[in-house]
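So this first bit is one chain, no partners, the form predicted alone, shown in structure tokens.
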Amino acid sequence: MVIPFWDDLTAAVTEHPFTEELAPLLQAGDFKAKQGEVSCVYTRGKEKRVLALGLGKAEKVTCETLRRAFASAMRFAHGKKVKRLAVLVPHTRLVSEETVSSVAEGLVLTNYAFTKLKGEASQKESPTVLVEHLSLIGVKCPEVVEKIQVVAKGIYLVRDWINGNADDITPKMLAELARSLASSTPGLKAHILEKKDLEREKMGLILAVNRASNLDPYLIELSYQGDPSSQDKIALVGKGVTYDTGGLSLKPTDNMLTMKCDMSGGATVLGTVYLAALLKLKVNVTAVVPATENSIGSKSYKLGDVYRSHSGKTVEINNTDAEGRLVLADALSYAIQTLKPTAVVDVATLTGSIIMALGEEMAGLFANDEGLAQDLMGASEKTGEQLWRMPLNPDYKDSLRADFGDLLNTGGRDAGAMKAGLFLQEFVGTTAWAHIDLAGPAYVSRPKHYWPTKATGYGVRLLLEFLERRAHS
């Protein structure tokens, strides 16, 4: 049983049955009820353990402080190998639905473990949850909890895909995952372009990046039309580089260690569209994922050479490790030409520069449209998945001028994240477009808050909230 307290040691619930058992703890002064603080009391009753959970100051409570506090309770339960957990939902100054949603998110997003690679005894077909029975007491809006459980199901899948071996989560497997989701989920449709189709569509940048890999590339479309009467159509383009060696611009070993996560953007947009269908959102949205490896070998695409993109623009390569923007350029051009979206958002683990600027807990947002940017920023504030608006200074385009092609694929180390955004902007024309560089929060160096593993599933809730806002606008 988890009982929340404010920092003045008043219970954040109207009443609870464990006043007598908790009294010594509260009177001793060892428990201060700081945000996320957890103390355990053992009883002789039905509930063997009672957890006192600190929420901090009542007047400073937010959705995010609730998520983080209840994530602490779930982590404590994991440490004690608890299989059943009852939680009293606090009374706060927030709207009731916000309180319930935040408590549920903090608990269920933390209640995940990736055990599939631990050995045969730990392998499971479905994602692993450590607390098997979780009940929230005092909930007056059960539909909110049901929605969070559905969303968590999708985020667990996204985390599984990103945490999985690159030898298993290949471009072909991503395509098969999309087909499987479409066949099992009403409203979803998958359309897969194979290598011969990419050649016919003249996607020279994806094909160039793929050249040294023994695995074929794919362009994956997963579509959901939840409001046929609406003219609003959203394209979500996600980078799907399933492993990135850097190519001829070979990465150092330490930098290559995490590169199975370079398809996080692709996993994020596939998971988002899947959940949009499960939740029956009144929105029209398509995920577009250019999937390939960036390998090194005798067929690697070459520094100094020029390759023609789907849009017709040519790109001179000065760094083969800047491959993400190349595959995104072709995918953006294709999505805009074929789907004719009213807005397009691309999501990618694109640059180390954005991590240097914003760290691991925040993603960078670049946009050519103020309304689209504000919609995404508003969604970020609601979900707690932090975005920071970054500039697209046109003066920096000079660094992308090429001697032989129309564009260089990189403009130097300084302002690297912005220059990557400026490169992508060359392929979207006048379409409302936003670019989210989630290289920091997609795959973190250590567990934190309600991110229990390296793959966080960052961006799924943000994009879902963005889609819901579009549906109601």
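Residue numbers here begin at 1 and follow the sequence given. Owing to the predicted nature of the structure, the values given are computational and were not obtained by experimental measurement.
The discussion below concerns the form predicted in complex with a small molecule, not included here.
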Only one of 293, 105, 323, 330 comes within 4.5 Å of the small molecule in the model of the complex by heavy atoms, so just point that one out. 323
Heavy atom within 4.5 Å of the small molecule in the model of the complex - residue from 386, 185, 225, 319: 319
Exercise: residue 439 in contact with the small molecule in the model of the complex, heavy atom 4.5 Å: yes
Contact between residue 259 and the small molecule in the model of the complex at 4.5 Å, heavy atoms? yes
Do residue 378 and the small molecule come within 4.5 Å of each other in the model of the complex, heavy atoms counted? no
Spell out, yes or no, whether the shortest heavy atom distance between residue 351 and the small molecule in the model of the complex is within 4.5 Å. yes
Exactly one listed stretch (304-312, 147-155, 201-209, 351-359) reaches within 4.5 angstroms of the small molecule in the model of the complex by non-hydrogen atoms, and it is 351-359
